[in-house]
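Next up: a single chain in structure tokens, the form predicted on its own.
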């Protein structure tokens, strides 16, 4: 098995890109648009597990009026995404080197308009379903930080994870749409941006599964309300 080469001088390289990531993101809770220099009525899209940044950079470049926040746990991986963003000169994409389980510490209720979950770990070993990012505890947290009617756009190559996720979405009151078990041969591939993993799987002939899950949370309370 080929061992991945560790990136060198990570702290120094992160410092050179300091304007694109937040070391203390909890301080931005409820103020992301203000902190990032965007209008209060702009949309905020969140990618959980951005990898090396192919998806978030291409999506942000195509939608300059949308504020994008991308998170990734691995410092060496998120560094590649941050440096790519810097090279492209994007001003609407920012990063957090954090764990998804702590999202409620970083985002206020109704602060996020859309969440992208692309090719997250399927955790196929026994007794590990609670680690899946589509497990109901995670879904309940996502719903708290999203606007009423907010969307989760989910893609995976793993059939077991996909079927599990569809069940969890339904159990948590999300409405499913655009469900396909072969994205690249479906009508939904027209505006699809492929991730690094997705391109690799496609070249291997593995069908990509995708769905859109819309929150059933009702308008009311103190959450921000923005039409998607």
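These numbers come from a predicted model, not from an experiment. Numbering follows the first chain given and starts at 1.
Keep in mind that the form predicted in complex with a small molecule is missing from the display, and what follows is about it.
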Can you work out whether the small molecule is within 4.5 angstroms of a heavy atom in all three of 40, 59 and 93 in the predicted complex?
no
Given 192-200, 163-171, 177-185, 28-36, the stretch touching the small molecule in the predicted complex at heavy atoms within 4.5 Å is 192-200
Picking from 136, 144, 86, 73, the single residue whose non-hydrogen atoms come within 4.5 angstroms of the small molecule in the predicted complex is 73
Query raised in the report: Is residue 99 close enough to the small molecule in the predicted complex to count, meaning some heavy atom within 4.5 Å?
Result: yes
Heavy atoms within 4.5 Å of the small molecule in the predicted complex: does residue 121 have any? yes
Would residue 46 sit within 4.5 Å of the small molecule in the predicted complex, counting heavy atoms only? no
Considering non-hydrogen atoms and a 4.5 Å limit, does the small molecule approach residue 77 in the predicted complex? yes
